[in-house]
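Just the one chain here, the form predicted on its own, laid out as structure tokens.
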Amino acid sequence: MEGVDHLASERSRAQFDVEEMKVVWAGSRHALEVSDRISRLVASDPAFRKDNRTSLSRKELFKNTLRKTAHAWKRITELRLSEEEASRLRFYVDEPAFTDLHWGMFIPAIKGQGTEEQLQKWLPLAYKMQIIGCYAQTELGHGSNVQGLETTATFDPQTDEFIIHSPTLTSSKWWPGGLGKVSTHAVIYARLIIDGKDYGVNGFIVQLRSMDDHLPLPGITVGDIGMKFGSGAYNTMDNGVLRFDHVRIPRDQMLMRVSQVTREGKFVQSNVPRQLVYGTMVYVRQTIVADASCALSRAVCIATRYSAVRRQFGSQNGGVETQVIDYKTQQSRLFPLLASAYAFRFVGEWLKWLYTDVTQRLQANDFSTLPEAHACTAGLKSLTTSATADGIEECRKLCGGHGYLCSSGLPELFAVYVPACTYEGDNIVLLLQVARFLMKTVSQLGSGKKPVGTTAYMGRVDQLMQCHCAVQRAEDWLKPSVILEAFEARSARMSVACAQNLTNFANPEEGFLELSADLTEAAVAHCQLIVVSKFIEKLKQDIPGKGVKEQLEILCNIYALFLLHKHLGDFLKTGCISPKQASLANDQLRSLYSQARPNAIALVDAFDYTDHFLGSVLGRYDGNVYPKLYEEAWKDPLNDSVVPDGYQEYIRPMLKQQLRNARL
């Protein structure tokens, strides 16, 4: 039981109030109480067992998911859980399922793009799960280029209907979660055609399956697209393929909050601006950023606990070996990921506020902050999901060979998470959208239009192009103003350089394509500045609890200085800092790792994850890793028999043949 005693010893070293840090992580005492209660409710219910997922066949896995989602809905209704509590329950069940798309995209799409009449008709059915919906936008031939979608919705004035049709193989809807086997309805995106004229892509509510026997309705071909990466992982989800053969739907099933088609077949733009469509996109992407902090923190929790339990090398005369977490190479890889998990948590909180603010402004017909909100959520979705996917894989490697076992929880966590880099916008395409926003901001600087929000620093572009970093000692890098200025100067100079290089092209679009790699780097610099600045803003708040603020300051500085170290070429090339100052930043970073070390276990304890949710032998709260690894090995179905199936048929004849050869 050495591991148990060891982690208890680690926890006793904490220099801060762990319970108060849990509140900071959760966002409020109320949120902590809800998460704590619901996570334990799920963990204590044997119906939500998940440790056997990787040994199930695809059909068994999928049916098991249907059983769990049905049980989850039963518990939600029996306990009369609030929307917040129900959302936490689905989160802690920890299994990709059709309900993710129903609650996360189908309902928000109708809420964002439907008229009041449509909301009154469809939302009660959806909230009671009397219909189950998905979101069908991506096609076999087009994903990120929404304007290139091929599915058509042609208005028939004779019958007052739209005819939904898939004219080509590549127009097949492909990837929507929940579509393959479960969804009864979908929000479909198709090109609106009236009298032969194309009015662009619009949303339509389409019933896919019979409410009596669940068979596809006439004209609809629908199924699952097959196994995905990983063993259990995202294979619990029925990602689907869908084709339409002249399927008719009533005219009032076009989502008409933004644009409408009248009974006479006239296309009418409503007085609600088209930008409102972006509201749903902003909502979905801000939830993805919040999910990134959850996934990364989970991987970091596993890797940190195991790094404290695992011992390798360093023993003298047969003494105790060194804890892996005490090696600087381990700290320099692990602690920046720990800091990133907290950083993403806080920028996610801010994005939630931004979404609320934008929504209130939209309702008041104020669209001034929408372009910035769109750029922020696009860029931060890209930044956080890429960093998280890479971070989960790094945590697997930080756990050595045992991290490769499914029982570590890390291979499956990676397989579940990695599609986030592609869905809701390919990450490189999103960065290019941010770059366009930055180039437009730079181009308007001379017009007197003052940049606001996350681009406000561009208003001081002349100063930032000239400023010189004031760092003279390593400790100077602990000053928030110094860090912010360095990140602002780097971002501003990279954006201005791109804007200047674009002027060398007669055709701006040709220049944008040629310089796209530089533009994505400028977008990354801007997004990293946002995360750093929001972490610093968080530290200005009143944060109660002994030592909590001090630990957050250490994490904030680790995050910022690690980024500076990782992107040192940008900072040096743009002249933001000198080589000597870069060296001092590295010295300070090493010192910060030493300061974080005594609190590492307590900092991951603050995530307040149950062993059930972590789903990892290596990340167990009690640290009792090795007996449990040994125990898990014997649970594998391959160990059900001592002599393997197939021995008599394949192995024995081969061995006997070898024996006969040996006698010759």
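Being a predicted model, the structure only gives us computed values, none of them experimental. Residue positions are given as counts along the sequence shown, with the first one as 1.
The following text describes the form predicted in complex with a further copy of the same chain, which does not appear among the structures shown.
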Could you tell me if all three of Thr287, Arg345 and Lys549 have a heavy atom no more than 4.5 Å from a further copy of the same chain in the predicted complex?
no
Given a 4.5 Å cut-off on heavy atoms, tell me which of 361-369, 230-238, 345-353, 188-196 is the interface stretch with a further copy of the same chain in the predicted complex.
230-238
From Thr454, Asn202, Ser495, Thr520: within 4.5 Å of a further copy of the same chain in the predicted complex by heavy atoms is Thr520
By the heavy atom within 4.5 Å rule, which residue out of Met129, Ala474, Met281, Ile536 makes contact with a further copy of the same chain in the predicted complex?
Met129
Is Glu33 a contact residue for a further copy of the same chain in the predicted complex, using a 4.5 Å heavy atom cut-off?
no
Find out whether any non-hydrogen atom of Ser9 is located within 4.5 angstroms of a further copy of the same chain in the predicted complex, and reply yes or no.
no
Can you work out whether Thr69 and a further copy of the same chain are in contact in the predicted complex, taking contact to mean some heavy atom pair no more than 4.5 Å apart?
yes
Wondering, does His402 line up within 4.5 Å of a further copy of the same chain in the predicted complex on heavy atoms?
yes
Residues from 201-225 in contact with a further copy of the same chain (non-hydrogen atom within 4.5 Å) in the predicted complex:
Met211, Asp212, Asp213, His214, Leu215, Pro216, Thr221, Val222, Gly223, Asp224, Ile225
